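What follows is a single chain, given as structure tokens, in the form predicted on its own.
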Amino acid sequence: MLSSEQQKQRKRAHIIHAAARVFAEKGFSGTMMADIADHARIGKGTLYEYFDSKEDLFFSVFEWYARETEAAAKVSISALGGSASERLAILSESVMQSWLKMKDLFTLVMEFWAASASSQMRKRFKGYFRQAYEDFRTVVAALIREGMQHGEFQEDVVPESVAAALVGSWDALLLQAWFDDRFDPLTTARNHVAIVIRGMAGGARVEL
């Protein structure tokens, strides 16, 4: 038997999932709260019991999407086992796979980026994006730094720079895949990470 708080949280999650579908289909500006209520099969008034406005609900969808797509990136690196090279390759694979599983909702990413530039929601979205990217870069840089400490990567590698470039490349690959169904971001990411790892190792071939 669910408690009243658990029931409330389940209802809130249901609304967010329904809203994600509607926002992905119609975009933020084209979506009405009534559309979301219809899709969730609840009364419009019920939406306002959980969310103050369409903007508030949209940001909640953003937070939910970010948690889902970042789950793989937040996997404990130490729990993955293996060398730094192997774990970096696994991390890349996990991130790409998690995003690809939600490809039908990738339109939301475009909406989120647009919101970060809008006058109405800029501050809220930019702050979240800034922190999320910083956290992700920190995870990747820590893994690279570990590889350097164990002599796996060269001493002149700059972890923060490589991490930023990798995070940016993962974003860019998914963006290209969104525009071109023929593009294979997963294989491209594997090849790219292998080249990056080989470069950090001084050109030596690394078994992944």
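Just count from 1 along the sequence shown to find any residue number. Predicted, not measured: the structure shown is a model, and the values here were computed from it.
Below, we turn to the form predicted together with a further copy of the same chain, even though it does not appear here.
**Q** Does each of 60, 65 and 142 have at least one heavy atom within 4.5 Å of a further copy of the same chain in the model of the complex?
**A** No residue of the spot touches a further copy of the same chain in the model of the complex.
**Q** Would you classify residue 13 as touching a further copy of the same chain in the model of the complex, given a 4.5 Å non-hydrogen atom cut-off?
**A** No, residue 13 sits far enough from a further copy of the same chain in the model of the complex that none of its heavy atoms falls within 4.5 Å.
**Q** Within a 4.5 Å heavy atom cut-off, is residue 41 in contact with a further copy of the same chain in the model of the complex?
**A** Answer no; every heavy atom of residue 41 is more than 4.5 Å from a further copy of the same chain in the model of the complex.
**Q** Please determine whether residue 149 contacts a further copy of the same chain in the model of the complex, using a 4.5 Å cut-off between heavy atoms.
**A** No, residue 149 sits far enough from a further copy of the same chain in the model of the complex that none of its heavy atoms falls within 4.5 Å.
**Q** So in the model of the complex, does any heavy atom of residue 167 sit within 4.5 Å of a further copy of the same chain?
**A** It does: once a further copy of the same chain is placed as it appears in the model of the complex, residue 167 has a heavy atom within 4.5 Å of it.
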